[in-house]
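One chain follows as structure tokens, the form predicted on its own.
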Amino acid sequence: MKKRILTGDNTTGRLHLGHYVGSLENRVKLQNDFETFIILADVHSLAYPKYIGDPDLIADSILQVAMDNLSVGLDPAKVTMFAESTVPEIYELALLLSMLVPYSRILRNPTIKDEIREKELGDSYSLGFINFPVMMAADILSVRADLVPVGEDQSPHLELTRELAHKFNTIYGDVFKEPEGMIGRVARLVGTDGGVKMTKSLGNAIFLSDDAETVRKKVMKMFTDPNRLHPSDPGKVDGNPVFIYHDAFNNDKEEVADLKNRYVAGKVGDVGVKEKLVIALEQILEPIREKRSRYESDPDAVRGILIEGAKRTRKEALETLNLVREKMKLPRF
């Protein structure tokens, strides 16, 4: 029996390069060796005040995010892709798991604390927002996953998942595995503005579906060394967003090394370095765009993939839920 993966994305807009290096690459690499479930977390998306009043965006994003996953190379014949809201068994499991975690434990979650601060939520966040990590645990545990390719910022949620699995097994008997995490080769990609993280909401992202001209414009506006006023000035490479992207996406390592040496010596300008980055990014993005266009022309095929994925996942989630109810001695009349 192959081991299982569950991973996925919130449906709050299209995916970007941060998602690509953070998780998507690993999904593609592992799909042949693992039984893979991809969740499109539309219910999770409702946890954010910005999106609770925009159901059209979330509904459209289900298809957009599905196409992003398929366009990077996930094979619908090898993976099970589904929308979270189409597997209601997850909700029941999340409620049962929530009985095992103290409220104070959730508030100590560093990702929750960071999001409350960054989004300036104060004390106006919803109960659903606080329950986000437990819902994620239910997503993972519903199919009893072994491995979770995840972004670095989601690692605290995975740690809670492991805690909940262990606590349930200790109290009621073995049902769950304690899943391992797998961080992408770039744990947290900086934004094009030099911000600590590329994110949709801050407008500092290069999307996988951006056309070539849009990519070029975004790269040309990228932050570099703020103290470098002229191309002949010695420049700083460490922490320079353009070189962070070169390291992440330019496969010509000799070219990257040469650009760094010349930049430090004041022998190449920001424009020249960015031009090379555009070329490197296009080598990755052009094949993704080409494959995505085929799915865009046949959205019903994508819906069909999600319908079949929901059927398969519901079967697995119901089996898990029945085991949980049996262990907890909850009656079924």
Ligand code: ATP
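Note that the structure is predicted; figures quoted are calculated from it, not measured. A residue's number is simply how far along the shown sequence it sits, counting from 1.
The protein also exists as the form predicted in complex with adenosine-5'-triphosphate; that form is not presented, and the subsequent description refers to it.
Taken together, the three residues 246, 260 and 262 all stay farther than 4.5 Å from adenosine-5'-triphosphate in the predicted bound form, as judged by their closest heavy atom. Put simply, of 236, 144, 188, 162 only one has a heavy atom within 4.5 Å of adenosine-5'-triphosphate in the predicted bound form, and it is 188. Of the listed positions (169, 109, 154, 86), a single one reaches within 4.5 angstroms of adenosine-5'-triphosphate by any non-hydrogen atom in the predicted bound form, namely 154.
Exactly one of the stretches 224-232, 70-78, 195-203, 248-256 approaches adenosine-5'-triphosphate in the predicted bound form with heavy atoms within 4.5 Å, and it is 195-203. Proximity of residue 18 to adenosine-5'-triphosphate in the predicted bound form falls within the 4.5 Å heavy atom cutoff. Heavy atoms of residue 22 reach within 4.5 Å of adenosine-5'-triphosphate in the predicted bound form, making it an interface residue.
In the predicted bound form, no heavy atom of residue 208 sits within 4.5 Å of adenosine-5'-triphosphate.
Of the heavy atoms in residue 119, some are within 4.5 Å of adenosine-5'-triphosphate in the predicted bound form.
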